[in-house]
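Next comes just one chain, in structure tokens: the form predicted on its own.
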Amino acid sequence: MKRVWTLLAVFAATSVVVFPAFASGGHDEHGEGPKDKASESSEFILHHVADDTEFEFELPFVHLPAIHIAEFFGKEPGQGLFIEREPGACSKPVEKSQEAFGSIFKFMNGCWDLRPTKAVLSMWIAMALLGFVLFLGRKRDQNGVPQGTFANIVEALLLFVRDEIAVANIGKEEGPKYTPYLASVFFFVMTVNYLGLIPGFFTATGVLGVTIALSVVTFVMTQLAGLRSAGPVGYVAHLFGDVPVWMKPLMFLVEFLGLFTKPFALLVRLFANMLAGHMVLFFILSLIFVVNIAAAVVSVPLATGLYMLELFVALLQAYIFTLLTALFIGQGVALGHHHHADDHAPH
């Protein structure tokens, strides 16, 4: 019975949060009348998952004035963090071929819009929340044993990252040295993912720029691990491989490209899973407004089930990202062992 009441509560929460969001967009700002329902729903979904410099906080059924936080950092070019290095750079339209990287295009053309976006604000909130949570879980007795349920949960998660991810993939000797970084990645990605599942917030990991930044840091850590373990000579020698001389240029090309395919797989996996989950969730709910209100009988239970799956995926993606990061670092650390083994091998 408790499970039934829990599901009913989730249905109610979903309808309260999501339905007004769709319904509030029935007319455009110029009073031109209602748009096509399918187009209106797709515009709402794309606007919801896209990054932007404007933040609007509104409560369901309560029409509060929108708060545009970006305006605090500069409203017009030349103010605050909204810098126009060349006249008219910010008003210059983005070329169609550069739409996917519009902010980079504008930056290269002299429009330095350094104001925080929704993704940046979401990461700030996640870091503040994570810092507060870890602060609450710091309680220890004189012997360093965690005190309280909350502190034990934090300790269990840290030990899981250390023993099951770091040590298992990097080794007992080097694994603990990389545990602080891996734990930071795990907790950060998990917090950002779960924060995006709260109505009114934004999923930063659904933005390509965020996952690129995380993957770049992992790439740097992986290369530093290889250089630290094998040394510059051993690191470069690994790129050429133990193959005949005439094959070494080809092997170098393959190994060099392989250095970048690993972080690329990381960024695409995290970005695609988090973005796709939110888009599918909203598309299912949009059937209520595109087809008929009777579609709620099917779409709301499906959306609720998908939301439950997203709760699991948020944790799973944090684990997979951290696991692959540890695996790549472990491969870099292993370069030193291979190099030393080759040095001691009989000729």
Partner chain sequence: MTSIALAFLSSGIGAGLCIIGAGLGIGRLAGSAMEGIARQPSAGGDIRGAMIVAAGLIEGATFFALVICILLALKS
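Numbering follows the first chain given and starts at 1. Remember, predicted model here, so these are calculated numbers, not experimental data.
Not pictured, yet referred to below: the form predicted together with the partner chain.
- For the options I69, I320, L287, L309, the one in contact with the partner chain in the predicted complex, meaning a heavy atom within 4.5 Å, is I320.
- Residue A272 is the only one of A272, L129, L259, M251 with a heavy atom lying within 4.5 Å of the partner chain in the predicted complex.
- Heavy atoms within 4.5 Å of the partner chain in the predicted complex belong, among the stretches 193-201, 226-234, 261-269, 239-247, to residues of 261-269.
- Although the partner is absent here, A334 lies well away from the partner chain in the predicted complex, with no heavy atom inside 4.5 Å.
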